[in-house]
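Starting off, we have a lone chain in the form predicted on its own, written out as structure tokens.
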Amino acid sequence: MEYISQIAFLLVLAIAIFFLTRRIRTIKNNIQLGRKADRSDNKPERWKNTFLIALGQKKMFKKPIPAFLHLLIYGGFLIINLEVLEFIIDGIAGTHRIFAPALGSFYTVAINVFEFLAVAVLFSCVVFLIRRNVLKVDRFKPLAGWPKLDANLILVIEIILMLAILTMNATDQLLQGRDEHYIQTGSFFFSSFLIPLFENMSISTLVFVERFAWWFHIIGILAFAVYVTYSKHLHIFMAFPNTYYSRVEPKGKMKNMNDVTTEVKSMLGIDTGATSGEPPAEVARLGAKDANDLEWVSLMGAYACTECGRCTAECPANITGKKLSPRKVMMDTRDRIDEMGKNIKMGKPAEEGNPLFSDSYITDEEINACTSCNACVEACPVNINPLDIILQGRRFKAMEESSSPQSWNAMFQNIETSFAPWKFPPTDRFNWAKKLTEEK
């Protein structure tokens, strides 16, 4: 009988690891549907961005109040989970607070720090729930259905998990004075305020409450770890690789299309690096029709999206009433690659269904409204680049489907024939300067 608890814990842990591993493999395979892209350059700059932006949340502090609250949740998430290590060891070994005897008074200090962070996380989550559902911050208003429920659900789960920790510690402190099997740890400040709620309970009831809170917290943490991989809160983990692999070139530098560059060089007689007599490589699709035409970094960005809406709030097209929303672009991309991944699992072609750039996902009206200003890229707290996805979609529409707006096509034709957006011959380009000379 004494091993039932350990067996049950190992079973729960194994189930969590199984589902977590399977989901991680799915996400990895979906990201690898994208085109290859070399992001191995400038490693010092990449590591600097990772520490300052992903770990240090540098870009979050453009809005100090939500940034501070987010920092409390973020710091609490990282540090409180150190206690989960003790939970896991206790669950496997059948022990109770295994670190307490070895750490002594330092253990009491550590748990008090964890409790402070638990209260800070609880407070921040309550404030965020109020901001989303009572104050209704503008950038959250467009979210409805599952995205809205997901955000609220995560906040509620975090509140419950923090209350479970405080409940466990409060009942544990009472049991330390009544049951010799409970290790003496000293007083815990914050959970002490909950002791009056439990002090009239019997020892058996206290043991039940303490064990229930322990099991609830560890199962909640393991379930949360699996659930996060289906949630927008996947950015907790994906922010780090996404920031590391994000572009380090100036934001205004637009990436050329290698296939087009090679073709132009060949037409101009410039060496393209191809071996003499070697047939030209088959030209790949120009731009992107579907999610698998995008670079893998863009697909990873879709999973790293926090759905915070800072990109959309800064988008000048969106501000002026256009339908373009960079946040929606990233969410649509994520939905499409999830759909493509499911197609593959079912033995269907990945491209089955409506492509990414269609009325079902990202429409022509949305991508044509983009001014290419990079405001969304600058605003993103984890360095996601919605503009790259928009540009690739526009390139496909212009170069393969010729479905750009009529005024754009006229401009393209003028550039091709007259080397300028306006319809006049190149020989007349400097006529205005001749008139100035004649006036003198």
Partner chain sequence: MSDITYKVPTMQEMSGKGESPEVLFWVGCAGSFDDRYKAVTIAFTKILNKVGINFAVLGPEESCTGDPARRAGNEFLFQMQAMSNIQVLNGYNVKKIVTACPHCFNTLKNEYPELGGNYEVIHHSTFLQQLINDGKITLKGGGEYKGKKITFHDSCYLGRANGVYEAPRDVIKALDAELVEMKRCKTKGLCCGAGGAQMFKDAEPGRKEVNIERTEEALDTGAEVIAAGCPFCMTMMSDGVKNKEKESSVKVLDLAELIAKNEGL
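Here, rigid core means the biggest group of C-alpha atoms that superpose within 1.5 Å across both forms. Note that the structure is predicted; figures quoted are calculated from it, not measured. Residue numbers count along the first chain shown, from 1.
What follows is about the form predicted together with the partner chain, which we do not show.
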Handout entry: Stretch in contact in the predicted bound form with the partner chain, which is absent here, among 397-405, 27-35, 65-73, 47-55 (heavy atoms within 4.5 Å)
Key = 397-405
Completion exercise
Contact with the partner chain in the predicted bound form, heavy atom within 4.5 Å, among 89, 264, 82, 203 goes to 264
Completion exercise
The one residue among 354, 105, 256, 187 placing a heavy atom within 4.5 Å of the partner chain in the predicted bound form is 256
Handout entry: residue 378: touches the partner chain in the predicted bound form, heavy atom cutoff 4.5 angstroms
Key = yes
Practice task
Give a yes/no on whether residue 319 approaches the partner chain to within 4.5 Å in the predicted bound form, heavy atoms considered.
Solution key: yes
Exercise for the section: Using the partner position in the predicted bound form, report whether residue 18 sits within 4.5 Å of the partner chain, counting heavy atoms only. Expected result: no
Exercise for the section: Flag residue 22 as yes or no: does it have a non-hydrogen atom within 4.5 angstroms of any non-hydrogen atom of the partner chain in the predicted bound form? Expected result: no
Fill in the blank from the handout: Residues in 404-420 that come within 4.5 Å of the partner chain in the predicted bound form by at least one heavy atom, in order, are 404, 405, 407, 408, 411, 412, 415, 416, 419, 420
Exercise for the section: Align both forms on the core first, then report whether residue 431 has a C-alpha shift of 2 Å or more between the shown form and the other one. Expected result: yes
